[in-house]
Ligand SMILES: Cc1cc2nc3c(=O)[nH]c(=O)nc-3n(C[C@H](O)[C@H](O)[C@H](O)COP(=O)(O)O)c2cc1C
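Below you'll find only one chain, the form predicted alone, shown as structure tokens.
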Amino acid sequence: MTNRVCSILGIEKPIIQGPMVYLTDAKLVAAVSNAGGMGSLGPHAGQTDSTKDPIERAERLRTQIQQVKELTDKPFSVNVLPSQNHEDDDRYTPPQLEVIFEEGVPAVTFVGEPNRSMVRMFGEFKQRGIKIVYRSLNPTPENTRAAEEAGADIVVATGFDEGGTLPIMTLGTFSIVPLIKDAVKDIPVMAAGGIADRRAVDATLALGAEGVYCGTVFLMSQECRMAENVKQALLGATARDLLLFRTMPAYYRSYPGDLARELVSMDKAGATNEELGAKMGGFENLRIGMLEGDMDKGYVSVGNGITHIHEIKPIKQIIDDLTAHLNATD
């Protein structure tokens, strides 16, 4: 198959690994890139705690980038997630960008909505030859076209089947992919949300996607630093087991645990999204639930693709299984 995603990113197989916050590190990212896909460092990659110091956070990222470069000579990306609510007072993104530029990172996965900061950053990326993979948390034809006009090289169509922060519109992956595909003019679309086996890859390609952007399937890899007890619990899970509740900005889903059940109860009792978001505890409780393995005090975020994962496999085997039927370099 002719594949523009591979050509643009300089990779062999049209797969990007989702950044996944604390659950990525240099080892996982390099393994994905060495297997032919594109690994992506997420916020707090490789860390066991958080820091509010912008420079320290950026230097921690630098260390992870340098470790990736020691483990692979293949392309990889860094997740850029600028503040959406305080565009003019974003303390963390500028030092992060300086590290990305200084370390010669070849690509970014940019998460956000079109605004003047996005346009400015895209210009800076283009000047340095950095490839831009754009992913909106709430994909629409309008923000897709704006990102393409601003210089995005690839756009990701994320459906409600994903893990993590869910879109406001409850459109499944196989509804959002053709909607976004029809909105772009010239750039390729990748599909995200619930993609964990070969059948899902085939389905997204049939709908017009030229690659897949996956998270949950890589959580269940041998190289992922997620707690082993969480991996073992998820092996027996399906999408029907996951709990759905409102939060900021819209929805979230989690494997059952005390905190997740409390959030569902608060939702049913009429708590506001702000109250639910405060109780949920952001990335800190994700760290507790998924990295430390306390599934009652923290939460466990996975997508609906968990249904199709029945074995903890090495990343190379995961990528080979997903793409064995594709000739992605024609």
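For every residue, the number given is its place in the sequence shown, counted from 1. Remember, it's a predicted structure, so these values are computed and weren't measured experimentally.
The form predicted together with the named molecule is left out here; the points below concern that form.
Using a 4.5 angstroms limit between non-hydrogen atoms, residue 43 touches the named molecule in the predicted complex.
Although the partner is absent here, residue 30 is not a contact residue: none of its heavy atoms lies within 4.5 angstroms of the named molecule in the predicted complex. Residue contact with the named molecule in the predicted complex: residue 271 places no heavy atom within 4.5 Å of it.
Heavy atoms of residue 81 reach within 4.5 Å of the named molecule in the predicted complex, making it an interface residue. Put simply, of 264, 26, 58, 286 only one has a heavy atom within 4.5 Å of the named molecule in the predicted complex, and it is 286. For the residues 71, 111, 207, 243, the 4.5 Å heavy atom test against the named molecule in the predicted complex is passed only by 111. Comment: 189-197 is the region of 189-197, 235-243, 120-128, 254-262 lying near the named molecule in the predicted complex, near meaning a non-hydrogen atom within 4.5 Å.
Using a 4.5 Å cut-off on any heavy atom, the residues of 186-219 that reach the named molecule in the predicted complex are, in sequence order, 192, 193, 194, 195, 213, 214, 215, 216, 219.
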